[in-house]
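Shown next as structure tokens: one chain only, the form predicted on its own.
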């Protein structure tokens, strides 16, 4: 189960929230912005709860149950797929499970109730009678039919007894009405339910399918192989493919269609075996020869799939089953942990953390951080990515080690890890996305090129600063870094001059530092040759972080002493303008600054 989100609306709930957080590794406190301090900030309760629910995150909301119900009501259409949702009194005096009876909400309610010394308000009849939810088997097992399960539990509540066929260790201490001769049976087996209404069938995920060739019908052929052997699809634990085929979209599509993890293993030379197992060449027009070639290819594919099973070192007692189409099946006596089979395809996600405020981190970036096994980046940004859950590994480096950082991230990901490379702002704006792609292009390491690579955008410093004062980048603009660490200063001067002549609004990154205190003054000299003294300028320091400051000034009044390395400098175009606003902002009173969408034909020249 995913770690829960513990949602609080005010400071009075924080003490109880901390006690609940201590129960679950990786749990985070989600606090209403400007009301309470937590791990994650949010501004709108309804939207936040719905987003958590859609992502399948368990929710412990420290507020009235009615509030939670009204927030989630529009989403309550799929009974049986919802995450656990509980309402908890601020003082811990009431624990009310609301949703997720089939996903462990009552288990959570009992755990939280025990920690808070409060009896949970469980109303589920089966759980009250038997002390467990028979329709929610533990991880590694799957219920064959929810509808049949409900009828079965109703029969037991009406007085029927049951026997247990198969290994169900989680039921050994459960208060069930047992009778070894009972007609009703809880049957724990990978074999498909035969339709007997007196059987509750639970499938251990104990079946592994291996395939040597990916094609459009792979998922269907796996289903056919399972059905031909009387095995339920719910018993499938994983699909395994040759390591040389890592990144093949056909295998990934099949695993998604089957709803199981995709793992990769080495066995002999699977690349050659898979190649030989491909379709017969159309050049041979004789039907008999083509059929013979097809049979030989199928046999080689099946042999290759069987070799993959051998490479997985499954239990010697696992049963091998006959299957065609280059597929092999193995059935173990106990659930199989897919993470122990071969290795996964690694993933490298390059993401932007935004300017630093939790609510400006995009949900997509937050999800990538949550699923990552490793966080890679400049030390300051790795800390900014927190809080991290236990077990996530930090790889913090110096700010100038971009290519080394990218190479290290690919090494981790090619070993099957899920790696998040973090940058502030947007990763594609003077940040790590370009370094990652540069490292990949320069590498001839095939493992790196098999890694799943994704770039997740973020809110850049220029956009965050612009939004705080209005829309100074509302028309054509450019972003320029004044750092000459990675490019000559002569190039910077040339670009500054052309941007000024083009009358573009300009956002300056890395405007000044102790090592190069003169460069901002020189940049301003160049711009002032073209741009009028009254050109509007915005200075935003640490926007989105504690200690944020904003100031509006003009190009004529701007002095380099007003700027440091953490300041975003936005120089407007000739059309950029400002007017008083009703509230106050920055050091000089309130102004809205914006560049209108229309533009003067002769704008840009000084004078």
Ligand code: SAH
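Owing to the predicted nature of the structure, the values given are computational and were not obtained by experimental measurement. Numbering follows the first chain given and starts at 1.
The same protein also has a form predicted together with the named molecule, omitted here; what follows describes it.
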* To do: Verify the contact flag for residue 258: yes if a non-hydrogen atom of it lies within 4.5 Å of a non-hydrogen atom of the named molecule in the predicted complex, no if not.
  => no
* Asked: Is the gap between residue 61 and the named molecule in the predicted complex 4.5 Å or less for some heavy atom pair?
  -> no
* To do: Report yes if any heavy atom of residue 424 sits within 4.5 Å of a heavy atom of the named molecule in the predicted complex; otherwise report no.
  => yes
* Verify the contact flag for residue 65: yes if a non-hydrogen atom of it lies within 4.5 Å of a non-hydrogen atom of the named molecule in the predicted complex, no if not. => no
* Asked: So which of 32, 69, 565, 555 gets a non-hydrogen atom within 4.5 Å of the named molecule in the predicted complex?
  -> 565
* Using a 4.5 Å cut on heavy atoms, which of 349, 510, 206, 189 is close to the named molecule in the predicted complex? -> 510
* Structure fact -> Within 4.5 Å of the named molecule in the predicted complex, heavy atom basis, the matching stretch of 460-468, 98-106, 371-379, 168-176 is 460-468
* Any residue of 89-112 that, in the predicted complex, places a heavy atom within 4.5 Å of the named molecule -> none
